[in-house]
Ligand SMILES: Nc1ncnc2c1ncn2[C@@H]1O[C@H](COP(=O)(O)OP(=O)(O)OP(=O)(O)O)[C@@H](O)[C@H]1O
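To begin, one chain is listed below as structure tokens, in the form predicted alone.
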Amino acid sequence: MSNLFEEVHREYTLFRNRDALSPHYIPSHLPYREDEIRLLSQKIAPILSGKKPENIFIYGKTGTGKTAVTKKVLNDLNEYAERKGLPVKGLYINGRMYDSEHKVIMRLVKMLVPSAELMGYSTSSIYDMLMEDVDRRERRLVVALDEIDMVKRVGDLIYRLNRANDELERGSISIIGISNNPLFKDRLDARTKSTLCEVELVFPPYNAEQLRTILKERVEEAFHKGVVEEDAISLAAAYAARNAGDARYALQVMLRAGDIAEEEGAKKVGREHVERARRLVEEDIVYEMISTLPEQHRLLIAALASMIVKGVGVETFGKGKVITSGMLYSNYKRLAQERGITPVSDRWFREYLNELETYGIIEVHVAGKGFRGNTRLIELIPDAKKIVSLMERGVI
């Protein structure tokens, strides 16, 4: 009897190092982020002299290099500290995976003391273990919290880690917060804000030429020489430039294009593979982005998508039907009540609209002539039918 894998296993003929296109891969060179690398390193450097660096918050849209830059700086920090025998440690935690205060503090202890048995212990007990280890070993920590706005009750976590420095006698903890949302800090309570002495770094989107350079360098690592056509690289970069300058998007498209070409037995990756890959990647991005948003954000998107699919809206001359913020809020409240969820106030509803616009999921326009006051019109960027399909599958 033949083995099942005899049919599905094959040698990759196009890829040389497929991982080079992964979002988790940190290349030795990060084009167009030299200034950000230098500035972040300078802000962290005091830790090497026994001083506590300022907390740092990094903002920028998806795919602008925030994570890659932070990981590279922390990797170099750890390598240098180990070589010099310094009790300095850079730790990276993704808030999407560790999305509560308890999970983050537990992860910190496990990273520092892998043998620690933590199951069944309260958050306060695990925090005490963290403090004891930092103080006893005189550790100086830089904790990078990526997608920090995904952590539930994140204000409590920031407050606790920041105030830890008042209790420590021989160590310190500094925070690097990473978020796509420049309005993130506005949601923190006054108590948490008052403890933060932070530096802010904003990563601008890449333009088409920068994206082409980035993609070309990764393609040279990922594929065998001459496998990817220049037109394919240019097309993937152009699509990414239209998608808010998202380098991660460009890498995903090129990875998918390579897979499609492999499956077809093609000898080169061309424009047609990139075009097909783009459609698949956009579906993946919509699914990933929306399925991981907080509950109230998902409800708001679901309410908007259902209205669009049903053809609900205000009829206008020349624009067809449009959805006003007031109509959306009413439908959002109805949907929340149907699901047994307490709807947020009008003030928080407007805040969430701003955040979803920042994420690139909606666009908000001032209605202007023919509408009362400051009425706003809401436009959904992803395909509404795909969103409704996700609703039916229970994703949102």
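Each form is matched to the other, and the largest set of C-alpha atoms that superpose within 1.5 Å is called the rigid core. Sequential numbering from 1, following the sequence displayed. Computed from a predicted structure; not experimentally measured.
The following text describes the form predicted in complex with the named molecule, which does not appear among the structures shown.
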Task: Residues I285, S291 and K385 all lining the named molecule in the predicted complex, heavy atom within 4.5 Å - done: no
TODO: Counting only non-hydrogen atoms, choose the one of 347 to 355, 39 to 47, 61 to 69, 323 to 331 that falls within 4.5 Å of the named molecule in the predicted complex.
DONE: 61 to 69
Open item on the list: Check N243 for me: does it contact the named molecule in the predicted complex (non-hydrogen atoms, 4.5 angstroms)?
Closed with: no
Open item on the list: With a cut-off of 4.5 Å between heavy atoms, is S22 one of the residues that contacts the named molecule in the predicted complex?
Closed with: yes
Open item on the list: Even though the partner isn't displayed, in the predicted complex is I341 close enough to the named molecule, meaning a heavy atom within 4.5 Å?
Closed with: no
Open item on the list: Even though the partner isn't displayed, in the predicted complex is H102 close enough to the named molecule, meaning a heavy atom within 4.5 Å?
Closed with: no
TODO: Taking 4.5 Å between heavy atoms as the contact cutoff, choose which of N180, S234, S172, T192 touches the named molecule in the predicted complex.
DONE: N180
Open item on the list: Can you work out which of K89, R256, R107, R248 has a heavy atom no more than 4.5 Å from the named molecule in the predicted complex?
Closed with: R248
Open item on the list: Within 4.5 Å of the named molecule in the predicted complex, counting any non-hydrogen atom, which residues from 186 to 221 show up?
Closed with: Y206, I214, R218
TODO: Please check if E288 moves between this form and the one not shown, taking a CA shift of 2 Å or more relative to the superposed core as movement.
DONE: yes
